[in-house]
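One chain comes next, on its own, written out as C-alpha cells in the form predicted alone.
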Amino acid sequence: MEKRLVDMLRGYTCSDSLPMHMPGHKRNPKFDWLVPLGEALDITEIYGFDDLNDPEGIFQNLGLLAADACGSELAIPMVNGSTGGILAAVKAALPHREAMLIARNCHKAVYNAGELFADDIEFAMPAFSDRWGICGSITPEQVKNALEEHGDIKLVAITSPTYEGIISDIGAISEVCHRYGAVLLVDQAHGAHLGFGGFPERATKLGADIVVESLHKTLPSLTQTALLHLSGNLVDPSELKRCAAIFQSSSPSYLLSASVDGCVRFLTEHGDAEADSWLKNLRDFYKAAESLTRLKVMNPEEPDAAFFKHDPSKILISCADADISGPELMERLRDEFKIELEMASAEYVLAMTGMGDTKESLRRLFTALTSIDRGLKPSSRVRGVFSLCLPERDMPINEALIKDKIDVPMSAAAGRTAGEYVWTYPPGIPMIVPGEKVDERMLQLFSNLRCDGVILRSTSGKVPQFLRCLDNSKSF
C-alpha cells in the first residue's frame, strides 16, 4: 500500500535534511505560532472570528498592521498565494481590458492573468548576464520605449526580485509609468523580506501601485500565504478588494490566516533585528565562499552590468567552470549531504534562504560545497547557455489559444507557430508562448536543457516529445 502524503511529510520532517528551499520558516520552532496549527484549530467563518473576504474585526486590523509594516496604503491578506493576488491585481488594473506590458521573465501566473483580462500583451526582455546565465533587470528606458511605442498600454508588470534575486530600479520605473498614465504592478513574490533590516528597499516604498508578495517564500508563514498591496490613486481600492475576493476561496483557511497574522506581528516587533541577523550570516557565507575553486557563488555586492541590485537571500552557485551540471550538483548535495536545494538549471543551482535559516544551516551548506568543490575538475563541455531573445510573434496569445492545434514532433517544430507555453519548473517562466514562431535557436535551447537534466514542462504535458502547434492546414 502506498504511503499517505501525511506519512511522507512526517518522514521528511523527521529526517536530517536541510531545507535550502522555501518556505522561509525552514521548520524553525522559534516561530511558535506555526507549531500548533492543525485540525484542532481548523474552523470556518463562525461568530466572533471575522471574515477574511469581508473584514470588520481581527482581519481588518491585520490588514492595517500589514500596510503599516510594509509601507502601503492598503494591504489585503491572501491565502491563495501570490497567484491569486496577481489575478486580482491585473483584473482591477485593467477594467476595460486595455493592453499590458509584461517583463518576459515574469511567472506564468502573470501571463495567465494577461490572457484573461488584457486586450493585448507586449513584452520587455530583461538584460542577460552571460557570466551567470540568468536574466537581469528591466530598465526604466525599456519601459519608457515600450510605453511610447504602444500608447494603449495601461499596466506594466515586472518581477523584482526575480527567482534568482535580481532587482530592478522600481523607483525610476514607477516614475516612467506614472508619467505615461500606466499602473505599475510589481510581482515581489520572492521579496516579502525586502525593506527589513539592511535588505534592499521594498517596492511598496518606491512608487509601485500594486505589489504582490508571498510571505511563505522567505518569511515565517505557511505555504500559500501572501499579501496584496495597493498605493496611490490609479486603481480603485474597492475594486481591488472585490477582485481579491473573486480569486480567493469563499471559505478561506483560518489556519493559513493565522500564520499570516503571526508573521505580520512578528515582523512588526522583530523584523528589522531578525533581518539584520540573517543578513550578517549571509555575508559571512559569501565571504567564506570566495575560497571555492571550481564552483562559483554569485556575490550580491559584486557589480554586473545586467543587474541593478541583487537580493542576497538567494544563493546562486554556478558550476559552469566545473565538470558537473546543475542537476548533478543538486543530486550530490541531496544524496551525500542531505541538503535539498530550491532548483537546478543547466549550469547553476539555487539555494533559497529564509528568515528561519541560521548560521549553522549556512555553514552546513558551505561545508558541503567545499567538499564537492575539492573533487571537481575543470569543465570540458561547451557552454550551452545563451541569452533568451523574443521570438517572432505571428499573433497575440489570445488569438493563438482559440486556434486549432496539432501535436508536432519536437524535431519538426521549427517554423511552426506555438500553440502552448513551454517552461522549466521551477521557476515557471515561459520560454515560448502561444502565437510565437518556433525557431532552431529555441529548439536547441530545449535540447541543451534536456541534455543537462533540466525538466521541461508545457501546457499539454507532451514536451519534450511533442510541441503543440497551430494546425497549418487551417487558415489563419
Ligand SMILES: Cc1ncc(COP(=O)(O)O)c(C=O)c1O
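This is a predicted model, so every value here is computed, not measured. Just count from 1 along the sequence shown to find any residue number.
Separately, the form predicted in complex with this ligand exists; it is not shown, and the next lines address it.
Proximity to this ligand in the predicted complex, defined as a heavy atom within 4.5 Å, singles out one entry of Asp187, Asp357, Glu347, Asp209, which is Asp187. Among the residues Lys405, Lys314, Lys309, His107, the one placing a heavy atom within 4.5 Å of this ligand in the predicted complex is His107.
Heavy atoms within 4.5 Å of this ligand in the predicted complex belong, among the stretches 119 to 127, 228 to 236, 81 to 89, 333 to 341, to residues of 81 to 89.
The closest heavy atom approach of His193 to this ligand in the predicted complex falls outside 4.5 Å. The closest heavy atom approach of Ser168 to this ligand in the predicted complex falls outside 4.5 Å. Interface membership of Thr204, defined by any non-hydrogen atom within 4.5 Å of this ligand in the predicted complex, is ruled out. Not displayed here, this ligand is kept clear of Thr353 by more than 4.5 Å at the level of heavy atoms in the predicted complex. Within 4.5 angstroms of this ligand in the predicted complex, the stretch 159 to 174 places a non-hydrogen atom from each of Thr159, Tyr163, taken in sequence order.
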